[in-house]
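A single chain, nothing else alongside it, follows as structure tokens in the form predicted alone.
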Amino acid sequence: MDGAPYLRKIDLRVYGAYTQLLKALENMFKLTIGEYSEKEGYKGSEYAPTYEDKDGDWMLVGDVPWDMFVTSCKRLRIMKGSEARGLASGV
């Protein structure tokens, strides 16, 4: 969660797709993430899952194909949706 470092390790290889990962995050943190849209980012929630890739760039979870995400993700962060709007690929 944004503002609260939980420092938990997650093995992304356990999950087969974004939907499984997002459901696990919702259950872990007792929140609703919403649905992803390439143009609008995450809708239906005040939170948006983001990640830091191996180049140090922050992106929205879901912006790249799953296999690329698994190999390039260094760190996950659940941000306030208003702060993550600039990360959406269509914005």
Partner chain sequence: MESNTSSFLLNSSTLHSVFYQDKQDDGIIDLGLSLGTVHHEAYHSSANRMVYDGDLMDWPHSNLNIKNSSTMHSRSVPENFDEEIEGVQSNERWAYVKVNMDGVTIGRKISVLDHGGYSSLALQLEDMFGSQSGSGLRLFQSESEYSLFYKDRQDHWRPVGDVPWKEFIECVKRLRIARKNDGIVSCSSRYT
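All values reported here derive from a predicted model rather than from experimental measurement. Numbering follows the first chain given and starts at 1.
Below: the form predicted together with the partner chain, not depicted.
### Message
the partner chain is absent from this chain, but in the predicted complex, do Y51, D55 and L60 each have a non-hydrogen atom within 4.5 Å of it?
### Response
Affirmative, all three are within 4.5 Å.
- Message: When the contact criterion is heavy atoms within 4.5 Å, does L31 count as touching the partner chain in the predicted complex?
- Response: No, L31 sits far enough from the partner chain in the predicted complex that none of its heavy atoms falls within 4.5 Å.
Review point. Can you check whether Y36 is within 4.5 Å of the partner chain in the predicted complex, heavy atom basis?
Key: Flag for Y36 set to yes.
Please run the contact check for L22 against the partner chain in the predicted complex: heavy atoms, 4.5 angstroms, yes or no? Output for L22 is no: heavy atoms all beyond 4.5 Å of the partner chain.
Worksheet item: Would G44 show up as a contact with the partner chain in the predicted complex if we use heavy atoms at 4.5 Å?
Response: No, G44 stays farther than 4.5 Å from the partner chain in the predicted complex.
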